[in-house]
Every structure is written in C-alpha cells, then in structure tokens.
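Only one chain is shown below, in structure tokens, and it's the form predicted on its own.
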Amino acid sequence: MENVFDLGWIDYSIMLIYFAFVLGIGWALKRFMKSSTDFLEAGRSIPAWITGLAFIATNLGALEVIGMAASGAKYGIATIHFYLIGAIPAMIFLAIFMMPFYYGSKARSVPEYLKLRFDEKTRGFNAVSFAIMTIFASGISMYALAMLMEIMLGWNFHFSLIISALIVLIYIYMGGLTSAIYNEVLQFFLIVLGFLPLVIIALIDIGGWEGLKTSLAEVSVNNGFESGAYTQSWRHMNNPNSNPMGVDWIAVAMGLGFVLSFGYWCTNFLVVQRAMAADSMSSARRTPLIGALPKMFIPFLVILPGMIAIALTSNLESGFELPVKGGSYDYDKVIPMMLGYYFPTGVLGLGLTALMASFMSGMAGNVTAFNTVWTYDIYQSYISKGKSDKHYLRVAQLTTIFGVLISIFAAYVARMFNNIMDFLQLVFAFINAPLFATFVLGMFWKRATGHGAFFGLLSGTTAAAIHHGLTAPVGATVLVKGGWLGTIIHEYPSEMAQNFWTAIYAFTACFLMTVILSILTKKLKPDGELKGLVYSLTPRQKEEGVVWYERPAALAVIVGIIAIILSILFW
C-alpha cells in the first residue's frame, strides 16, 4: 500500500481555505490585543457555549485523534475507558466543586491558585513542571502533524515540522488566547465533519458492528485472549493477562479513573484556562459540562477507526496493512492510512484538513497555556517584577516563539514511541497525578500547609521516577520506556499498564507526605485568608432565576446518566 496519496486540486484548495481562515482569525483579533490580560486571559469575556466547545477541542488534538485511534487498534474497545471513566466523572467534579475556587479566586492560572492557597515555592514547583508538560504535549501534536504531511503529502518530516510550527506560531502571536479559542471551535466542527464519513464508510465496509466484532474475535484469539477481549470494555479486566491493555480493573479505576483522570481534567491549566476565560462564574462552571456532552461520543469518531484498522490488517484480502515500527505495528499511522484507504479525491482533502485542525488545536492549546504560566508564574514572579503591562505583553508574545521552538525538540522525543498516547500518559503520571493529591488536600482540608504541599509534590514526582526507573513494559527499550535505574524489578504487559501504576504510586506518595508534613508543620495562613480557596470556608453560591437546564447540577446529572448508559452498552 502506497504511503503517499494522490491529492487533487480540490484537496489542496480545502486545506488552503482552512489555513486562510485560521490565520484570518488571528489577524482579525490582533487589534484587540492591547494588554497582557487580553493576550493571555481573553479578557474573561467569552460565552459558555464557546468556552465549552473550546474546552473539548483543546483536548481534541493529536492525543485524541492519533493517540486514541492508535490505542483503539492496539487495545480495542478498552480505550473507551479514557472517556467514560477517564474523563466524564472528573469533568463533573471540576464543574461542581473546583471551578468556583479557580474562577472565584481571580487567579490567572492554576499555579497562581497554589500560591494563594499554599505558598510561593509550591506555585513555583508546579509552574515549572507544568511548563515542561505543555512543551511535551505541544511537541506530540507537532510530531503528529509532521508525520501526517510526510505520509500523505510526501513532504520531508523535518520540513513538515517547521511548517506546522510556523502556522500555529503566527496566529497565536497575533491573537493570543482569544484567537486560539475561536480557532478551536472552528476546528471542533471540522474534525466532526471530516471523520464522521470515515467511520460510516469503514463500518459499512467491515459489516457493521457485528461484522467488526466477528473480525476482532479472530484477532483476540490469535493474540491469546478470549474472543471478546477487543470489543468488551470491562468483562476481561479481572486479570491483566486477559486483555490487550494488560491492566486489571483496579488499575483502570484507580490509575486512570481516579488519579490520571482527575489529575488531568481538574488541575491541568491547559483545559482549565478555557473555563477561566468565560464571561461569568455560571458560564465557567457550565463549560466542562457543555464539553462533556460531545466528549462522550468522540470515541465513535476516533476509537472505531483504530479497531477497524486492526481488523482489516488481520484480513490479508482487504489490501490494508498498517506499517511496522520497532517490531510492532506503527499504530500512530492508523488515521492517515484509513483516510487514504477509504477517501477519494476531494473528500480526502476534507479528512486531511480535519486532521490538521486537530493537531493545530492541540499545539495552540498547549502553547497558550505555556505562555500564561511562563509570563505570570515564572517571569513576572521570579525574573522581572514590577514592570509595565506593555512589557509583560511583549514577553508573552516572545514566549510564544520560545514555546514553539522548544516544542520542536519534544516532537523528536515523541517520535520514539509507536503510540503517542502511551508517551503522554507517562508525562501525566509524573506531573498531574501528584498535583491532584495536592489539590484534593488543599481544597478540602484547611489544615494542609505550604511545606506539606511542596514536599508532597516533590515526593510524588520522585516516586513516579523511581517506579518508572525500576519497571518496564515487556520487550521495551530501556531508558525512555523505563528501567533506566539499571535494575528491572517488575515487567508490565504494556506501556499503559506501567503508566497507570506510575500514577498510583505518585499520587499516593504525594498524598501521604502532604498529610504527614502538614500535621508536623505550623499552619501559617489563618482561616480568613483561605476563604474562597477552601471548600469548608467558602459560602455556597445560590443560583436564582436560572432555568433548570442551565444549572450546573442539572447538567451534571444529565451527563452522568448518559455516561452510565454508554458504559453498560459496551460492558
């Protein structure tokens, strides 16, 4: 099967029109970027439906499209856990319990909230670790887009990397966070429009859901599992060796459903920043819930193509075959290969544009979050205090350039993995998992101290590093994928299983150390200073005169019921 696909003038026209819109939005918003608040916070003036779609579109980047499709091919329907248990409960929790503290405290970023709740050193530790995480996440999106251009257009990988970075750099440099948010809404609709035909055509070709189940039953048996291992999400989680993901229900429920999920959705400034740009507290709280509604149905756009791809690859008569990488399939190429296999000229351009939109959404989201944290929480706090707002606006613009440049380096690290989802979940295990423990204790236990929080975060990250250094996935290369301490005391069935347990150890270490040191150290902040920052000390807000379907609690119930129904259907 050819790697480079024949694109017609219609395909190239669709892509050029998209690029023109993206850059045009940045240009149109450039004249409104008069202060650092406009550039980095969008002036807290955007309505809930816009921030809600941007909230989910920010996450709908390379992680979602390439990573989830790759995981669908590698792990089967178990990948849906990243949505129904690995996202929805945390998004509900963020809306109901955490957004009032983020938005109400007037903090400009998540690290700044940590400063208000704990102290400066806790804020500094999180700011640096978050900046590193966003760079890696942005690099993953850059790698994915460059790989796409290499496969489908035949462009040189290194040249493609520079082009993709340059486009994102231009429209963020001009329009800041506002440009990123409005582009993310555009990209959301493009992604749905581009991938829905692929899913429908591919599913019809494979014989519908029943035909896919039959094909994957054979794949399951050939790989040493029971026939339903690739198409049933919970039934084969009793033992790590009975499912392709190599995890049991404890690892899924605790590692993914609790630690990684809540750590990502509740403390990751990348997504929280979208809600904080909303025009009111009510809009900020509704933002994650509005995003949760389409989030539950995204698996049908990204996981199903991966499952169909592995079914087609196992059928030699189909003519479809995934490329090989490092002794295994190169799962990251599922979506581009499926697009080339099913889409004719014209429609192929639409699918390709949808892919580009998803990658740029991920890149832009991470770069704008990096801008804010670097400018407010690192530069203004530690490098140059007390300068004019115009000075910080200029720093934010220059930080955009710096962030994009260093993300290019991270793209080459991502190239070492055959599933970028594995790589990104590892990054989350190191940074978000211990951070969530800090937030839980900080928001719901007024006795938690700054010393406890700081050394708790340090302990959690250290525990993650030690666990990763002493373990490795079966057959993995030592260093990037673990075992770098020289001794491997345990091998996991997959990279994902190792990630889940790394997160559990990081969360537990941070939680215990924070509790112990908080008990042993003096509480420096009186209760009065913690009002609006700690749950028990903050008055409950009453929403009067708001129709029931716009109330966060009612929306949360609706979202929760839909998630439960979908979980039962794919049990």
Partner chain sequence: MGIDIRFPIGLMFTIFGLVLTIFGLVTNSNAEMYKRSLEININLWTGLVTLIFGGLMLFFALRARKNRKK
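Positions refer to the first chain, counted from 1. Fair warning: this is a prediction, and the values are worked out from it, not measured in the lab.
If you look for the form predicted in complex with the partner chain, you will not find it shown, but the lines that follow are about it.
Contact with the partner chain in the predicted bound form, judged by any heavy atom within 4.5 Å, is made by just one of Y103, Y182, Y173, F258: Y182. When you look in the predicted bound form, the only residue of V546, A28, V515, L537 with a non-hydrogen atom within 4.5 Å of the partner chain is A28. The candidate stretches are 446 to 454, 407 to 415, 188 to 196, 461 to 469, and the one lying within 4.5 Å of the partner chain in the predicted bound form by heavy atoms is 188 to 196. In the predicted bound form, none of the heavy atoms of S280 sits within 4.5 Å of a heavy atom of the partner chain. Contact annotation: D389 falls outside 4.5 Å of the partner chain in the predicted bound form, judged by heavy atom distances.
Interface membership of I17, defined by any non-hydrogen atom within 4.5 Å of the partner chain in the predicted bound form, is confirmed. Looking at S242, you'd find every heavy atom of it more than 4.5 angstroms from the partner chain in the predicted bound form. Residues of 328 to 367 lying near the partner chain in the predicted bound form, listed in sequence order, are G340, Y341, Y342, F343, P344, T345, G346, V347, L350, the criterion being any heavy atom within 4.5 Å.
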